[in-house]
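Take a look at this single chain, the form predicted alone, given in structure tokens.
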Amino acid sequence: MAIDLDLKVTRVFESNMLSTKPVVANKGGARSSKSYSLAQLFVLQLVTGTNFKMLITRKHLPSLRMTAMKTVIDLLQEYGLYEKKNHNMTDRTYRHGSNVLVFTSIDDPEKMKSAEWTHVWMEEANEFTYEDFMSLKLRMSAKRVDGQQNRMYLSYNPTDMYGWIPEKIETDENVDVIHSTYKDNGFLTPEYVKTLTDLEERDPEYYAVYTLGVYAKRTSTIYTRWSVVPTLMSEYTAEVFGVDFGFNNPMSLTRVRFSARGIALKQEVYQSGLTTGDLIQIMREIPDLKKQPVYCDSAEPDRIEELFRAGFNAFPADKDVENGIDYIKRRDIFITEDSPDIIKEIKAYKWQVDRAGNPTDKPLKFMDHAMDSMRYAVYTHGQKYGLRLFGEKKPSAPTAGRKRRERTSEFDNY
């Protein structure tokens, strides 16, 4: 059956489709359409090719589920191509005719070693090591009936100018480097474009990386005591949530646990286009959330009231940025691997610099929604309950045992 797809594409899609080199490196700024274009390309190859064995991978599986995997499945549904019987959710495979598309991570080595591929896409490629790249490249040996060359695709922001990608990949004559910026994506809103262009005056480093899509020397990173862990710690003294409201910008809901080891974070929501009603529906599906305090952006009292009326223990957060950051910096931070946007933000979260390039005491307001929701929860609850949050004795929750409709003085005073 012939497939007729009316794809709305960018130059980035066309450049990837026309590339003839064995490795294609997509280096670009924020929202340059590189990942979306590759998702479109893999969908097109899936439904038009023959005997293709295709792999889409990220360093960690939970991150893959929430990004490239979701985008591809959404596109199949949007194009009217998705068939549930072809989608094995357990094995994370999707079949179309003689073709198979596999979603897995490099931390599933048995699945990686047991297959040969015609196409591989390494999403957020700078999360991987060079050894990971070479291991995948050696598996690019599946035979193609169309006589064409097998191909690897990488997509990434140019955040590490001394990493293996600029040193070993972009300098290779057998690699096609496709550079892209927001200008290549004609589907962005004027508001988001302005956010990117305004970085020229606010921070040269961010402007270079996220607006121009080129390397810049990283300076003044705010949080350094953080690591990625498989799951949240099971022993903790308190659990709370933080909300940074958004609509055009992502809505961020972060789960926070306190313990003697430090602060643990898990991404529950990070998505644009959500109303407060949408957020409430999602929050209702999260077990035990109604039992815990939820610290919200105090600049949005109406939305806090909506959460409260929906039965959540919603409170206005203390938004003292400087003291909040200082409080968090004293502790170790543990981020679950299924929190890709928290990880991405904390890597890039930095102090704003002045015109002379010197760091100020203010964080740069860009790509900081998870950082804000985390700070609301950690600092507000930490100020209230102090050092015992990091000890052995479990404090009582601020709303535990209260009737849901009772207001506390803390809530009344916002």
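From 1 onward, residues are counted along the sequence shown. A quick note: this is a predicted structure, and the numbers were derived from the prediction, not measured.
Below: the form predicted in complex with a small molecule, not depicted.
Of the candidate stretches 352 to 360, 49 to 57, 35 to 43, 378 to 386, only 35 to 43 has residues with heavy atoms within 4.5 Å of the small molecule in the model of the complex. A residue is said to contact a partner when one of its heavy atoms sits within 4.5 Å of a partner heavy atom; residue 188 meets this definition for the small molecule in the model of the complex.
Taking the partner from elsewhere, residue 17 is found to have every heavy atom lying beyond 4.5 Å of the small molecule in the model of the complex.
The small molecule in the model of the complex comes within 4.5 Å of a heavy atom belonging to residue 157.
Shown alone here, residue 344 lies within 4.5 Å of the small molecule in the model of the complex, counting heavy atoms only. For the residues 30, 364, 348, 64, the 4.5 Å heavy atom test against the small molecule in the model of the complex is passed only by 30. When the small molecule is considered in the model of the complex, only one residue from 124, 297, 203, 239 comes within 4.5 Å through any heavy atom, namely 124.
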